[in-house]
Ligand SMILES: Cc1ncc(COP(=O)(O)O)c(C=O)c1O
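We begin with a single chain expressed as structure tokens, specifically the form predicted alone.
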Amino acid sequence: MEKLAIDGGTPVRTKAPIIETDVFEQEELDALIEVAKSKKLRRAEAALEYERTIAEWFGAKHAIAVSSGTTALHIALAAFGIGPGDEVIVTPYTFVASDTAVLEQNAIPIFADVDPVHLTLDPEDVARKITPRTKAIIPVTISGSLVDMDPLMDLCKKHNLWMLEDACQSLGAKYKGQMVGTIGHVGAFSSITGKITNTGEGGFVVTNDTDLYEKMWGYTDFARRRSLGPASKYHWDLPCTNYRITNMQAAIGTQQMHRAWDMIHKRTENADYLSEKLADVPGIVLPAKSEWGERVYFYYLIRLIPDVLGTDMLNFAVALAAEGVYNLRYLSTTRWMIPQHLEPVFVNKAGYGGTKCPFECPWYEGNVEYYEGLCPEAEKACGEVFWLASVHPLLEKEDLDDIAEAVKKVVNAFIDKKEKGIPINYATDAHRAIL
């Protein structure tokens, strides 16, 4: 049995750590320089071209580029007319913005549990959570794993609900042949660094609903009406907000959309290669393919089986980091998921201005509590599903080989220790405090 690096053995990877980075080629640089030379740095023609490119890529009527995936979610909920007293069904296995976007409209996030295989909203639990106050559903295609949309769309039709697809991690995924993000009323995407396409910071929405498009456009730009132009002094219907993207980001984004399919296919190729290398490794479950269509890969997730490995996910992370293929800084980032309904903002019902509004206010006729046990499948997943590695297009086969080799080395050592009754206690109090 090869000795683990954390036990004094030789690390699998002895050269520089594997670093997530963005694809930024000469085309992106040339487009950025062209905008700079034009001296039009704020939103202008380049942003319009970017939006046309996005819409054409999706085969959608409309696209709006905004400052982030978070603001993309917000303008959609605003356009839906979500407000005080309303409930929106959300997932607990996601980044917090998927759920706090609801709070931005002074509405109540209601958490439904997830499918344990795909880690996406469970339609049966969603159905149980619908009340007369429910106004929308926000499914998240987490790390490119597909949501079963048909039963959720049926619930929307039955109860007259809005559907907002949070597809921030799933550009290019297809559900039964249809592009994810074009199935519901609005699709929201992120282009922050590390996503499938990137503009540093940024996001966008797509929709086929012209009325929603007009409303979202206005919410992006101080509640102006598009027909009156970007310099209109009149501000209508909604509170004033600026969520505009810049021409510089848009110029990069257009080039990213031109190369999007190549990057998506490379990510899938990298993920498939990892799955091939990790096939039949005991104690782990590889990312699931989907019966509903073609998934994509933002990140490569494996599920650990504690009963087989004889320890928890944190000890696995610490041992893997010693092999040179995992960054322990991810313990305090979005690469180490926690159940969102157990975030302090929800548990403590932290509202604006030191209040508990919208959770406890005259507009809300229901009662909501967030607690451990509310979404058991999501809670279990957060303790077992390990965000192993990015599969971004710039990774080399050697990088993927190192990742796979390190996983196999740690798994085999842990199983051997378990069989011999050797306790695994690599995680320190400092590590656990971060969690």
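All values reported here derive from a predicted model rather than from experimental measurement. Residues carry their position along the shown sequence, with the first being 1.
Below, we refer to the form predicted together with the named molecule, which is not included among the displayed structures.
> Given the named molecule in the predicted complex, answer whether the residues 70, 73 and 169 all have a heavy atom inside 4.5 Å of it.
Verified in the predicted complex; spot residues all in contact, yes.
> Would you mind picking the one in 98, 249, 207, 197 that has a heavy atom within 4.5 Å of the named molecule in the predicted complex?
Only one option qualifies, and that one is 98.
> Out of 114, 140, 108, 164, which one falls within 4.5 Å of the named molecule in the predicted complex, going by heavy atoms?
Result of the distance check: 140.
> Please determine whether residue 92 contacts the named molecule in the predicted complex, using a 4.5 Å cut-off between heavy atoms.
Residue 92: no, not in contact with the named molecule in the predicted complex.
> So in the predicted complex, does residue 190 come within 4.5 Å of the named molecule, heavy atom to heavy atom?
Within the cut-off, so yes.
> Quick check on residue 181: any heavy atom within 4.5 Å of the named molecule in the predicted complex?
Output for residue 181 is no: heavy atoms all beyond 4.5 Å of the named molecule.
> With a cut-off of 4.5 Å between heavy atoms, is residue 144 one of the residues that contacts the named molecule in the predicted complex?
No, residue 144 stays farther than 4.5 Å from the named molecule in the predicted complex.
> Counting only non-hydrogen atoms, choose the one of 48-56, 32-40, 62-70, 401-409 that falls within 4.5 Å of the named molecule in the predicted complex.
Result for this chain: 62-70.
> Can you tell me which bits of 410-426 touch the named molecule in the predicted complex, meaning any heavy atom within 4.5 Å?
Residues within 4.5 Å: none.
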